[in-house]
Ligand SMILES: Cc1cc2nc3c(=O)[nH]c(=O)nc-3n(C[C@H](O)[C@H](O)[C@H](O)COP(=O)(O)OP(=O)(O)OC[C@H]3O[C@@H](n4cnc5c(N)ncnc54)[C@H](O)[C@@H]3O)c2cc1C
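Next comes just one chain, in structure tokens: the form predicted alone.
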């Protein structure tokens, strides 16, 4: 009997665990270890921010998302022994034959110079709830949205959140009473997606009266003066500050000896294998290079996004299944991905392409429309549902994908 442990109950962890359980005989033990018993659908945090979702609409008990026959352990992993193939948790020790690390990236706002609790973000569940209250009480002034540092989860999310903030305040009748700035250390929006998509996103921001400020690296925040300082740039004042906090890997991963200097896990771009045998890493925890550079000596990396965690989880599960069945491994991750960017007024943009494309990722953006918004809503409902309801929604989604010739699969 072989034991497969999956660390992390996010999108990648759930998808890999469910596929392994579905395809492997019951003699193989599948253990999913996750510290949070409640699963939140992260892409919907921004709908909580705008009041389009209540917190209860986007959460579900994790046990409802995993297939029968999976041992779900609700506990925090305290250490990973990659030599002796053991994971230690507060609930006990677990030995493995195969390990999938899907622990994601955590937010670390305390790394900001001048950090205190007086900030807003739509990058966490609690932050989205708090920001909704702030937007309700906001009556005009300057809103600064700041990407604090790289890397961060979901390259389209900061753009999407800024557009939805603009749409929310426009509906409040504040269009002529606000100024919205978007600051990022990047040279363009979503640089990993290529220059063409970056230009399209800039036009989208400008059409919503959002001022785009590239190459602005945050230095510090002075909350008492409501002022932000950037390296080699002028300082900026704000009435409402919304940040995308610094990200880092969980401590248990940094302590394991599997990470690079930046704290992320290097993984083979096609197989997601790490330097340790039968140990895989998927999703936001990984460091996967893609063709091209956004600075002369800075290679681009595969974005940290749920769509890649999902696709990688499928591939890793297939590779483990082939290994235990002594079948040649033919499954590889090809770098295909997509992103739905909500633009407000129940419309969204849809970007898709090959992030492993040469000489740089080849990604294009479709015209904004209501069908992309509907597609995102349907995917949310599908992910959070189970049983017969999930199957019915899946049929509808696949019909829509075929009808509109959308280059994705679920």
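Numbering follows the first chain given and starts at 1. Since the structure is predicted, the reported quantities are computational estimates derived from the model, not experimental observations.
One more form of this protein, predicted together with the ligand, exists but is not displayed; see below.
- In terms of contact with the ligand in the model of the complex, the residue from 77, 201, 218, 320 that brings a heavy atom within 4.5 Å is 77.
- Between the options 347, 29, 376, 366, the residue in contact with the ligand in the model of the complex by a heavy atom within 4.5 angstroms is 376.
- Within 4.5 Å of some heavy atom of the ligand in the model of the complex lies at least one heavy atom of residue 35.
- Although the partner is absent here, residue 353 sits far enough away that none of its heavy atoms falls within 4.5 Å of the ligand in the model of the complex.
- Residue 372 falls outside the set of residues with a heavy atom inside 4.5 Å of the ligand in the model of the complex.
- Interface membership of residue 11, defined by any non-hydrogen atom within 4.5 Å of the ligand in the model of the complex, is confirmed.
- Listed stretches are 163-171, 191-199, 108-116, 302-310; the contact stretch with the ligand in the model of the complex is 302-310, by a heavy atom cutoff of 4.5 Å.
- In the model of the complex, the ligand lies within 4.5 angstroms of at least one heavy atom of each of the following residues of 134-171: 153, 154, 157, in sequence order.
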